[in-house]
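Only one chain is given next, in structure tokens, and it is the form predicted on its own.
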Amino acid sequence: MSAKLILEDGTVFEGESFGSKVNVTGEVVFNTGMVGYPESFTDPSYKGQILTLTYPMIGNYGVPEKIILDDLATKFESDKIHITGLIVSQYVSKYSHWDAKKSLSEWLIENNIPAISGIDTRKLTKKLREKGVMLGKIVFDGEEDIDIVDPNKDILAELVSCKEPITYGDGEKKVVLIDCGAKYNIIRSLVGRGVTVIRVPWNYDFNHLEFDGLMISNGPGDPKMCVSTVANIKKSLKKEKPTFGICFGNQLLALAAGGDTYKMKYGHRSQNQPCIDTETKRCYITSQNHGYAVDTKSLSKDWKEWFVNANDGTNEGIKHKTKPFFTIQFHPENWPGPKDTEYLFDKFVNML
């Protein structure tokens, strides 16, 4: 069955459908990672986005079985696919992997996600790099009239957050995790270090709880839409408890500290982003998925830029000069991606 990707500027890419037959609109972005689609597709940070994969062959290792351990899906980053749609150059239907239980096509159809193959993803990616990320829609023949909608005008964190507090682990130290779309491996990384995690909704005022540290999760969309989250973080900072933000959490903490954020031209989405620690000058290879960044010039002199992207110089983390607050723009919990910066969880837990 044929399908089309139509960008907001009228550009049309035609291909073949291998997902669900449903028309969708969203923000068209690209990821340059070679592997890791089960983890990436279930990353809540992709909510509202039509994802283009630049690696040419997708689907050749299938999809693993969903196994629940300690209330979390072991091989995924959430309980379902969060991308709005998928664009690839070549879909491989005959998968081969010892852990595969179904094809990528079957998994996408089960989750009602449209997907198109046969697209010139190199041409599409070059366009997005030159013009910036664009809104678009996936449609089927005769159904091109649907309106294109900007997902970033909604509070996307609300759509991917838990609805009530959930507790994991039984460690002596307690960490509140603000769930703006938290990846499961953040929870696993903390519980595995002997910490009790209290996962709370994105707009939940957790300041009445007893806890030893605060973790601010990743998430989708514009951080400035999460006004109540920023307000709750501001109150928490007055208690001076150890605070660690990841990705979206970097942006939210910056806003709570009085700083500003901005939308990037096309963002960072891959598992090979080089980031430099400004203190040690060491460069780490990191996994990333974000379209907004922190304007470090907007922060007060109490804060310092901790990490910088080696490719474009954008901010990759901030740290308070005297208080136990630090954040990073990349994903130390990996899944997918390298484990180079996993030590940051140890740094945080040791501060509790």
Partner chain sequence: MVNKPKKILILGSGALKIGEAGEFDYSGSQAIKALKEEGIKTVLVNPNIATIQTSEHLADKVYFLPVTPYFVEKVIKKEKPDGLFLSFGGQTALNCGVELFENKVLEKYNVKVLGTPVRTIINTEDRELFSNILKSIDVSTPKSFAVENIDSAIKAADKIGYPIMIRAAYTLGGRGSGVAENKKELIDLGEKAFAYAPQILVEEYLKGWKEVEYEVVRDSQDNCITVCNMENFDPMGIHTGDSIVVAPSQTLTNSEYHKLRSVATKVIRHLGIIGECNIQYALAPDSEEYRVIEVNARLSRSSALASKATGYPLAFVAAKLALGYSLTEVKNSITHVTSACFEPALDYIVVKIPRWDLQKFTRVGKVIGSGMKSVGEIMAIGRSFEEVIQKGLRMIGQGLNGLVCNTTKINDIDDSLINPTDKRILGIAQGMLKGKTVDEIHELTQIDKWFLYKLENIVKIAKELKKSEDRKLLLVAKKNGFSDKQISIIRKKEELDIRKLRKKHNIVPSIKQIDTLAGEFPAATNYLYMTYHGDEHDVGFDNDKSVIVLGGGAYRIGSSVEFDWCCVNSVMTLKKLGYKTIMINFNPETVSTDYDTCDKLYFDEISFETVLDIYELENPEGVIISTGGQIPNNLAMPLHDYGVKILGTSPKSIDNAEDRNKFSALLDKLSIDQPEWASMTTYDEAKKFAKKVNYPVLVRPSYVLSGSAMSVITNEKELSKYLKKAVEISKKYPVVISKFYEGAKEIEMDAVAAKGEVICYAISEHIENAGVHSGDATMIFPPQRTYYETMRRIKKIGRGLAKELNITGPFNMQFLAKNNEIKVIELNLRASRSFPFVSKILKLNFIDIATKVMVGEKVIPPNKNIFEIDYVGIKAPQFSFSRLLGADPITGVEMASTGEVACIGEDIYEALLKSMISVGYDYPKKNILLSTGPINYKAEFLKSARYLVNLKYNLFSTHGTHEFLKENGIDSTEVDWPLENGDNNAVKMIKDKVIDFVINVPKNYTEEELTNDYLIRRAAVDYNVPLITNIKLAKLFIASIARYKIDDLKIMSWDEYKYS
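Residue numbers count along the first chain shown, from 1. All values derive from a computational prediction rather than experimental measurement.
Separately, the form predicted in complex with its partner chain exists; it is not shown, and the next lines address it.
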With the partner left out here, if you bring back its partner chain in the predicted bound form, are D205, T229 and F325 all within 4.5 Å of it by some heavy atom?
no
Single option in S236, S105, N152, T121 placed near its partner chain in the predicted bound form, where near means a heavy atom within 4.5 Å
T121
Option touching its partner chain, based on a heavy atom within 4.5 Å in the predicted bound form, out of Q90, T74, T167, N111
Q90
Just to confirm the contact call: exactly one of 317-325, 291-299, 56-64, 42-50 touches its partner chain in the predicted bound form at a 4.5 Å heavy atom cutoff, so which is it?
56-64
If you check in the predicted bound form, is F211 within 4.5 Å of its partner chain, heavy atoms only?
no
Can you tell me if Q271 lies within 4.5 angstroms of its partner chain in the predicted bound form, counting non-hydrogen atoms only?
yes
How about F30 - does it come within 4.5 Å of its partner chain in the predicted bound form, if we only consider non-hydrogen atoms?
yes
Wondering, does K339 line up within 4.5 Å of its partner chain in the predicted bound form on heavy atoms?
yes
Pick out the residues of 23-37 whose heavy atoms come within 4.5 Å of its partner chain in the predicted bound form.
F30, T32, M34, V35, G36
